[in-house]
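For reference, the chain that follows is the form predicted on its own, supplied as structure tokens.
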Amino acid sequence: MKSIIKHDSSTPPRLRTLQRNGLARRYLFSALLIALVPLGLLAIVYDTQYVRALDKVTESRTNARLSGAENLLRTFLQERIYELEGLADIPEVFEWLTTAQPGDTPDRVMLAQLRQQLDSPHIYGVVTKPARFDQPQWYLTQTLLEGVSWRTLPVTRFAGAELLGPALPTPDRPGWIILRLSPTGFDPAPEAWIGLVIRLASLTEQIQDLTLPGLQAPLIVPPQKVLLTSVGNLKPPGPGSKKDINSRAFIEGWHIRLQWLGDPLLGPLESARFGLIFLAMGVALGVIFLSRHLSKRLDRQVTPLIEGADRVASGDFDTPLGIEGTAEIGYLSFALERMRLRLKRLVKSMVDVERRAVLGQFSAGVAHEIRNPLATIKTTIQALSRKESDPKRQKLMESVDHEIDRVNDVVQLLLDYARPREAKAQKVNVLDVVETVKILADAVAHRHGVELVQVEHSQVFAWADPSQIRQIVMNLVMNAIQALEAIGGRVVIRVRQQGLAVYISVSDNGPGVSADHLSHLTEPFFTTKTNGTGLGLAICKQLAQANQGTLRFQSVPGEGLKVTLRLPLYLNNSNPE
């Protein structure tokens, strides 16, 4: 979506369309996609692949540990079988098992061999069953037999021997198992056999290494389907867990169970997981809220600029844009406001130039059409005046001649405005120009009761056309005197130098000019006088611009008018002479 807004000059974009598809909204949704999509993918990968891989690694490690424990159990029993085989191979023992008659007692040598087995920490005692005996002979503490019938114990074959039991432990008696071996084999059923009564705890302690405190507890499940702990005690029955792990049978009917106790780290990890999820959701909501806030704020700052630019495009240069906004928007607003003001001045200047050009052509045409008939009329009037003897008619003809001179002056002003003479700049003694003007205007000022004052100043030189400067100053002084007609007053002429400019100011203490009229004083044919032409100040402005100067008007109604002419200062290194 490279361009959402497509339009031509006949279908300008609407502001709502711009706001709906604005950059802020597009950046908001892009930022959310960039932030939330990877976060969601990461959560999915974590919950599936990572957890699954971790479970596989844990399961593989658990299976390896279970296999090791199974080997330990089988090895333990195999070692006891070796001991039992060694005992059965003793001649005295073998003879006892095969030839002893009911009522016989073992001899001293055989008993000594049996007692040696009792030195093992894993053995409680020894039991023998001669072929002709109905009941086995127990050589162990008789309390171990309380509540136990060896004929009811489950029988499990293992490595050529048989495992009887276990005799489950009680509060008054530990548990044990019998590992028996027949010197003639177990097929068919043995008539004679010898067995070792093994501590049940010695067998169960082989799974001690599987213990993971707080996480897993190893148990042995015998053929009675009870649970034996690693210290040989019975574990009370209870509901199992789906996470309990049963091993393969290390001997028939016997297997190991890893009972799940719970993970002490699981709770904090789950809490941390949910905390991270809530944190991510909170961050996402925060990003949405912040982005929405920024979007609205950006809209509030950009919308006035769009509306202002639209007004400027439609030709309204007078309404300010309203500079608001921060950082880049503030700089953009300031730049657009400067552009509006410059466009306003440029358009005004172009209109003024065009109007002056039209007025110049019109004035030149009118002056040309008027001047020739005026010359003929003036010549005729002067000829008739010389032959006229009637004093009244002579006076009337003189008045007509005077009015022709006035009209000719106006025609000359029109020609000056239409075709201003090119300025010939040279070194001008400004004080000489001002003094000359003062001398010429003193008589007029005196006649109107106006005091004409020149403020003293040291010599200063400007780079301009002296005759045009004299014309400008004379016009300004005469305007000031005319403003004081019938009321009297004071006209002050000042000269000063500042920087690379020379300033000539003419000020009066007359009625002044209102602010509405002040900006129109240099427009052609604009005048506040009853008998003025409105061309004097317009020509002054032309002449000032021709000499690289400017005119500035300052007035306070009721306090007078001050006009300042600014001219370039004469410099030795810039003087072509």
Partner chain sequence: MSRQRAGKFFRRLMLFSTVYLVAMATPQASAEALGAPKEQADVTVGCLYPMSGRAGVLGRDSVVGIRLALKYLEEQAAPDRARLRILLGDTKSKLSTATTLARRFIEDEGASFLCGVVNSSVAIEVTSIAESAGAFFIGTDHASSRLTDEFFHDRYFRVTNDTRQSMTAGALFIKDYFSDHLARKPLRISYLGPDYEYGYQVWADFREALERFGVNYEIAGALWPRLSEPDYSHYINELITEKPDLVVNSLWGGDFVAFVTQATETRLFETARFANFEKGGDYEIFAQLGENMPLGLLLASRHHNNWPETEFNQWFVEEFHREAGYYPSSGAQGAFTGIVAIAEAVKNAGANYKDPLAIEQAFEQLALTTPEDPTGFQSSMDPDSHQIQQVMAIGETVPDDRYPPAKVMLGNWHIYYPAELEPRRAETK
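As the structure is a computational prediction, the values presented were derived from the model and not from experiment. Positions refer to the first chain, counted from 1.
Omitted here: the form predicted together with its partner chain. The next part is about that form.
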- Message: Counting heavy atoms only and using a 4.5 Å cut-off, do 299, 300 and 320 all touch its partner chain in the predicted complex?
- Response: no
- Query: Of the listed stretches (229 to 237, 473 to 481, 377 to 385, 451 to 459), which one has a non-hydrogen atom within 4.5 Å of its partner chain in the predicted complex?
  - Reply: 229 to 237
- its partner chain isn't shown here, but in the predicted complex which of 143, 271, 105, 361 has a heavy atom within 4.5 Å of it? 143
- Single option in 121, 315, 275, 160 placed near its partner chain in the predicted complex, where near means a heavy atom within 4.5 Å: 121
- State yes or no: in the predicted complex, is some non-hydrogen atom of residue 422 no more than 4.5 angstroms from a non-hydrogen atom of its partner chain? no
- Could you tell me if residue 287 has a non-hydrogen atom within 4.5 Å of its partner chain in the predicted complex? no
- Item | Proximity of residue 89 to its partner chain in the predicted complex, heavy atoms at 4.5 Å | yes
- Closest heavy atom of residue 340 to its partner chain in the predicted complex, within 4.5 Å or not? no
- Query: Using a 4.5 Å cut-off on heavy atoms, which residues of 462 to 487 contact its partner chain in the predicted complex?
  - Reply: none
